[in-house]
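Just one chain is shown here, as structure tokens, and it is the form predicted on its own.
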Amino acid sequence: MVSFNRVFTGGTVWTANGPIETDLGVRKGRVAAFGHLRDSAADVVDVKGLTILPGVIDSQVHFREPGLEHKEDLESGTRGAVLGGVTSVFEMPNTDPPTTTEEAINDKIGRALNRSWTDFAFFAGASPENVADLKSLEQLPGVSGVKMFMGSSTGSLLVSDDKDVLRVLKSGNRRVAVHCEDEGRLRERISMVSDGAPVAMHAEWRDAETALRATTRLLRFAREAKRRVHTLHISTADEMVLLRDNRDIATVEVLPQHLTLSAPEAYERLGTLAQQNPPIRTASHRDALWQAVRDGVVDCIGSDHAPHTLEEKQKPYPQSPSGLTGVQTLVPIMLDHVNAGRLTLQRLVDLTSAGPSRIYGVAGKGRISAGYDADLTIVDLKARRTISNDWIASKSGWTAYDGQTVTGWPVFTVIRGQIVMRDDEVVGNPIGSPVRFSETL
């Protein structure tokens, strides 16, 4: 008798109770049972020797559509995601036009349907002009929350004045994701690089104090507004000290690149390909981020995938744009850190699945449990592979990790029980649908 649509057999499954060698049965897109199930399925997939992790949620990507499709679009960005073992993505609002209205959000959802390889959600961008609309925007289906840029944005998405930051935080209930760089300090110091400079000066212009000032201001206003905030891509030791004392109101993200690269070596080797906001910093900051990961201060890891073409990136600094690719390399890079002993696999699962789900109130994702979506990132922890530009699906066609050999590689990507990537090949057609959130159900 067939009881399951599909059974994955022979692997080690990271359940809510920890790793178990068991079969995993899927019925109607959801996890249905564990045990000896291989005789009860229409389709049996042998994953002997592999490890089945909860589907990885990349909660910070920039897929550039609409308006900047020459760099990336929703199809190419999500194709790269599933090739890298990512099952869901939350996409940022700094597109053209920016995602600041209900019409813009619905347009993005319409563009993603039948083209997105992953499940997806979109951030509503905060601006001084749309504050009155934020509470309704954050409740729309397919919206992951509100994103606020305190620095490093242009046009209407920049929210730098204290009064506007407070207005945004007082408008709505869901967690606000925030880019913390102090715009006033950036403007004061722009002369350091404006006439041309070595790209390593990027980290001097956008120094640790620039980040710390913005994060300090954010926490003060978050308490005044009684609003939960999520601090994106934290890059400094100084901020981690501050954030560990504000765990009741602020959650914390770090990026693989800030855990992996360091100045000045990254700038010497990669030039402007290492340029991003906030910058790659010295090894002392990187070491502090790892300590915060070990101490539990960090809640999640996102890629901040922000592609630009090689032609754009090769412009002389500071005309070169900031941003690295990353959605496709998140899993291999972090598995390599696991194999190097820098964190446990259990901690990685928390950072890439349970953490994003907890922060944003995701419904039915984030762990392998009965009744949850059967989103699975199935990896070979022993596979030794070399990351290359040729493997990258992004329209940009490059990665800062080109030529880097890693241990640990995604073999299957499974979304709601459907295999969408197997052995470095996408499978079938794009099946992505909007992520559901418990706070908006």
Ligand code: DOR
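A residue's number is simply how far along the shown sequence it sits, counting from 1. As the structure is a computational prediction, the values presented were derived from the model and not from experiment.
Here the subject shifts to the form predicted in complex with the named molecule, a form of this protein not shown in this document.
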property: Answer range among 322 to 330, 83 to 91, 192 to 200, 355 to 363 for contact with the named molecule, defined in the model of the complex as heavy atoms within 4.5 Å; result: 322 to 330
property: Joint contact, His62, Phe149 and His233 to the named molecule in the model of the complex, by non-hydrogen atom at 4.5 Å; result: yes
property: Residue (of Val293, Ala306, Leu261, Val178) lying close to the named molecule in the model of the complex, criterion heavy atoms within 4.5 Å; result: Ala306
property: Listed residue that, although the named molecule is not shown, lies within 4.5 Å of it in the model of the complex (heavy atoms), from Thr210, Ser171, Thr272, Asn277; result: Asn277
property: The named molecule contact at Ser153 in the model of the complex, heavy atom, 4.5 Å; result: yes
